[in-house]
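We begin with a single chain expressed as structure tokens, specifically the form predicted on its own.
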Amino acid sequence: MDANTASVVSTNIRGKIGIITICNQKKRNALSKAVLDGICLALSEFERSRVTVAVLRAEAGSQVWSAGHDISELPLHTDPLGFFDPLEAALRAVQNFPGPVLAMVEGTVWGGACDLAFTCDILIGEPGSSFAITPVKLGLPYNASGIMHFINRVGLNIAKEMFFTADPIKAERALNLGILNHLVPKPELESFTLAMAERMASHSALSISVIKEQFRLLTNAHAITPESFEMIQGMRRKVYLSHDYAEGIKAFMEKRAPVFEGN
């Protein structure tokens, strides 16, 4: 990792378990390009080092697991969630890592970080955990693959509620909805997560990698016609070229409520 990446993401390998820690609390662990590149590089290094289970976490004591996109880095007048953008690359890195990726969620999760957490294989949280997906607060056109991550995790009705309201889902409800696999007391979060990771690491890495890939292929088996894909891209383009998207970003940076005009 270069100096910028190493300053916001740290890694630690314990036997067959690799731990990725987002450590940029002064920016509420926002998903800057440096953070997302660091996650990708860490997972790549884990694979080379034959690490079989990865844990993604924030620093101990964090109130915010991640605030989501670093808004200052979102582009105007172009697709903010294109295939090669840093968040999309990080999501694919999590999906393509051959072993389980566990999200150890301490604190609140916002925006694109919610997508990152939902893309992990297992989520373990504590009573202060919550999850909110917030593109409508910015006038941002979320992409089809991201929406499918939510439908696969919580089902259509809850996905719609999360996107349309942008309200946080608190820990107890997140457990009931299947967002969290486990909800444990905060003092036990790390030990519980690492104990689960160790159990997974004791099993056949080859078997797990093949099963994980089957899960990925089966949950992505939602074919659409070329015409429908082009229509989705056209609708999204209308949003990211709109006044509302520019206004949403501007209002966030100016720390005020946006004034959306519907165009």
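Residue indices: 1-based, along the sequence shown. What you see is a predicted model, and the numbers here were worked out from it, not measured in a lab.
Below, we turn to the form predicted together with a small molecule, even though it does not appear here.
Across the options 231-239, 24-32, 214-222, 39-47, residues that bring heavy atoms within 4.5 Å of the small molecule in the predicted complex belong to 24-32. For Tyr142, a non-hydrogen atom is located within 4.5 Å of the small molecule in the predicted complex, even though that partner is not displayed. When contacts are judged by a 4.5 Å heavy atom cut-off, Gln95 does not count as touching the small molecule in the predicted complex. The small molecule is not drawn, but in the predicted complex it has a heavy atom within 4.5 Å of Leu74. Taking the partner from elsewhere, Gly112 is found to have a heavy atom lying within 4.5 Å of the small molecule in the predicted complex. Only one of the listed residues (Leu91, Ile169, Ile133, Ala103) places a non-hydrogen atom within 4.5 angstroms of the small molecule in the predicted complex, and that residue is Ile133.
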